[in-house]
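Below you'll find only one chain, the form predicted alone, shown as structure tokens.
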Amino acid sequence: MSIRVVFLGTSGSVPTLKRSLPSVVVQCPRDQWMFDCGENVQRQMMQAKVSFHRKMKVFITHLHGDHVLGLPGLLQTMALMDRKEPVQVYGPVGLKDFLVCTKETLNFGLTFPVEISEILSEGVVCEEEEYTIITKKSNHAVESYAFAFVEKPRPGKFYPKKALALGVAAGELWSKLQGGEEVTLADGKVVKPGDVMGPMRPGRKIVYTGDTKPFESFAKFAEGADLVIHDCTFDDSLTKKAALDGHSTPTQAAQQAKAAGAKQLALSHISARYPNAGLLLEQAKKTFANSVLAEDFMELELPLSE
């Protein structure tokens, strides 16, 4: 069961002909998780075949326009499509005032509940049965948060041959074992999940930084991430400008991913000054080989660990 990461927008500050403003969607079998919501996100969703009706939570890193101005339009479009499912929105203090003011000023109605949660502290901000969202303050010009999407540990691989060898027939008993229950056979023999299944498999982890320059606690926050999506606004020759503006360069992003022991790095929030951003990827790969340059509509699959 794969997790699909869809890049809807990968530009920084202003859109370009090839890049829309920041937004990433993590798609799971039953849920969608959106990180940042730049302008034009509805059209990007249509092109990427991202549903307007599935269960969705939206996480806003900070209240700069390129990361949040798409949210009112997205909610209005969903209402025009007669969405009924609630949408949960999480972000810094001020997010609720922004959305309420926009809704009242534009005088549009909603066909579904919008539940707004303002982040008051670091740590767990959302917990579901299978997934947790954890936040950490990043290092930008305004109050800003990085998010970690963490899948909870999953049951180990089920081995049908072992079950059959122990006399467990296919069917309901297999389901119970895979659900973590021990079963008792007709002859009184007890079979435990560990008898027919491998060890628990660690959940997958995706870290999204939003806008940030490097910060010391990042390595621990992103430790072991399957994918780090990191700010990479300017190339290495503009390190001083990046620091002044609260952004990162390719080498800095690569160093952060390497320190965290991440498996893969995706460079995003690319300045419009780079119509061909190959230079950024080249610089990152010198420090972290498994780096990719995020492009609009690029998709990454994170398969289930064996």
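Not measured: the values here are computed from a predicted model. So that there is no doubt, residue numbering starts at 1 and follows the sequence shown.
The form predicted together with another copy of the chain is left out here; the points below concern that form.
With a 4.5 Å cutoff on heavy atoms, Arg43 counts as touching another copy of the chain in the model of the complex. By the criterion of a heavy atom within 4.5 Å, Thr105 is counted among the residues contacting another copy of the chain in the model of the complex.
Taking non-hydrogen atoms only, Ser175 never approaches another copy of the chain to within 4.5 angstroms in the model of the complex. Within 4.5 Å of some heavy atom of another copy of the chain in the model of the complex lies at least one heavy atom of Leu21. Partner proximity in the model of the complex, defined as non-hydrogen atoms within 4.5 angstroms of another copy of the chain, places exactly one of 246-254, 64-72, 24-32, 262-270 at the interface: 64-72.
Although another copy of the chain is omitted here, in the model of the complex none of Thr135, Glu151 and Met200 has a heavy atom within 4.5 Å of it. Gln76 is the sole member of Gln76, Ser217, Thr111, Gln88 with a non-hydrogen atom lying within 4.5 angstroms of another copy of the chain in the model of the complex.
Proximity to another copy of the chain in the model of the complex, defined as a heavy atom within 4.5 Å, singles out one entry of Leu80, Leu185, Ile116, Val124, which is Leu80. Although another copy of the chain is not shown here, in the model of the complex the stretch 7-31 places heavy atoms of Ser13, Val14, Pro15, Thr16, Leu17, Lys18, Arg19, Ser20, Leu21 within 4.5 Å of it, in sequence order.
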